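Presented as structure tokens, the chain that follows is alone, the form predicted alone.
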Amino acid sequence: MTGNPPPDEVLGIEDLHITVHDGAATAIRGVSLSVRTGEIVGLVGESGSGKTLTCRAALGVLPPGCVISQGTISFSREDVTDLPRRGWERLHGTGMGAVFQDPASYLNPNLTVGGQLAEVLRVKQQLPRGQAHRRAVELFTAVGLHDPERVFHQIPAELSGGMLQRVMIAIAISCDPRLLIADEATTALDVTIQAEIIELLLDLRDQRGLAVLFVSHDLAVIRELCDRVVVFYAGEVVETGPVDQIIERPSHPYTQALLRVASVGDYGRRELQVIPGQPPRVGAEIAGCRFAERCPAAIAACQTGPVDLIRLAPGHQARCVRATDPELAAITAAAAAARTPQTPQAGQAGLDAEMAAR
């Protein structure tokens, strides 16, 4: 991402580096991404790949010991990288909202959920008590909560996980932010409720022109919800592009491996598959590709120097020296097939085969 940002850019991250342990190690290396008005961008990758840390940087809430050592973060084309705490406090709610994986941990268990939403409206928008109550009920209706007046007077323990997540989304959008950051917002929900939350986010995007940065390890959810995808590995962006292009024609071996593990798109296997090996430790200094040790297609050039993102098509980039090699997908597929254990036949066919063998 270089040059002047587009006029509809809501969030822009450019060459972001984040150090941890008081500068002893670099956890995020050169991450660049953007989210435009009405766009949903998905971040995907293994746990510890840097997705959440990048989101926390975008929210101005990095954990203690983590600092931005290089790069910029802009909101509505204004640099907020060094925004003081009071500036971030003004921006939260009115400019950007956030929803996380476990909504119950972000709500006071002793107060009604309606009272907590009304308090946000009174503090952020200076609404009087009665008006804040009415607005809270309207927001609960907007996020699909049935009998919103009753929900207003309930405490978190009286609501299901899906209802609590809707409450959190109502709080996050209550002050009409331009950006919503959803970090694993559907992970703890069953598939039916997950589908409802996805539909809700799509409706909010369409109705409000909301820009959404959505973090998930579930590529099926990413495919259903997102317009573009950013694939993280060991603190770097290894591939980025339109969701259909990434799912149907992945160009980085790590993305290809993720798709096989998830059985998404053309990788319809049902056998258990894993990506062999482990990601490098946080802050490990590696001369070449950070995925090379786990990659079946690695060659000498992968380990001899830095690997840059290569432009493959408009909006599609991959950090791989073999990204344009037509044999790459076949090599990684063959390696995965060789690792996959042969499973016994299922159902009646399996029973028939067993009886015949006897």
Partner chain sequence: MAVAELTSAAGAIAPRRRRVRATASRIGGGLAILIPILVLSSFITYSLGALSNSNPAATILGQDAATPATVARLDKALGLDKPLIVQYWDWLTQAAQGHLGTSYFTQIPVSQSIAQRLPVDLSIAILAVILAILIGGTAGTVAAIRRGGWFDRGVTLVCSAVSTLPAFVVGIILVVVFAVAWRLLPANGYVGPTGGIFPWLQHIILPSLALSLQVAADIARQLRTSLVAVLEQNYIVGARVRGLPYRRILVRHALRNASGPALTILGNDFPLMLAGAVAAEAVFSLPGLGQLLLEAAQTRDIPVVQGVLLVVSTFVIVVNLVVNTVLNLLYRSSDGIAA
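Residue numbers count along the first chain shown, from 1. A quick note: this is a predicted structure, and the numbers were derived from the prediction, not measured.
Note that the form predicted together with the partner chain isn't included here; everything after this is about it.
**Student:** Quick one: 89, 96 and 110 and the partner chain in the predicted bound form, is every residue within 4.5 Å by at least one heavy atom?
**Tutor:** Every residue of the candidate spot has a heavy atom within 4.5 Å of the partner chain in the predicted bound form.
**Student:** Select from the listed residues 224, 119, 236, 183 the one whose heavy atoms reach within 4.5 Å of the partner chain in the predicted bound form.
**Tutor:** Checking each option against the partner chain in the predicted bound form, the one that comes within 4.5 Å is 119.
**Student:** Between the options 249, 124, 178, 205, which residue brings a heavy atom to within 4.5 Å of the partner chain in the predicted bound form?
**Tutor:** Residue within 4.5 Å of the partner: 124.
**Student:** Whether residue 153 contacts the partner chain in the predicted bound form should be assessed with a 4.5 Å heavy atom distance threshold; does it?
**Tutor:** Yes, residue 153 sits close enough to the partner chain in the predicted bound form that at least one of its heavy atoms falls within 4.5 Å.
**Student:** Considering non-hydrogen atoms and a 4.5 Å limit, does the partner chain approach residue 75 in the predicted bound form?
**Tutor:** Taking the distances in the predicted bound form, the answer for residue 75 is no, it never comes within 4.5 Å of the partner chain.
**Student:** Look up in the predicted bound form whether residue 61 has a non-hydrogen atom within 4.5 angstroms of the partner chain, and give yes or no.
**Tutor:** Answer yes; at least one heavy atom of residue 61 falls within 4.5 Å of the partner chain in the predicted bound form.
**Student:** Even though the partner isn't displayed, in the predicted bound form is residue 85 close enough to the partner chain, meaning a heavy atom within 4.5 Å?
**Tutor:** Yes, residue 85 lies within 4.5 Å of the partner chain in the predicted bound form.
**Student:** Going by heavy atoms within 4.5 Å, which of 53-61, 66-74, 315-323, 27-35 lines up against the partner chain in the predicted bound form?
**Tutor:** The contacting stretch is 53-61.
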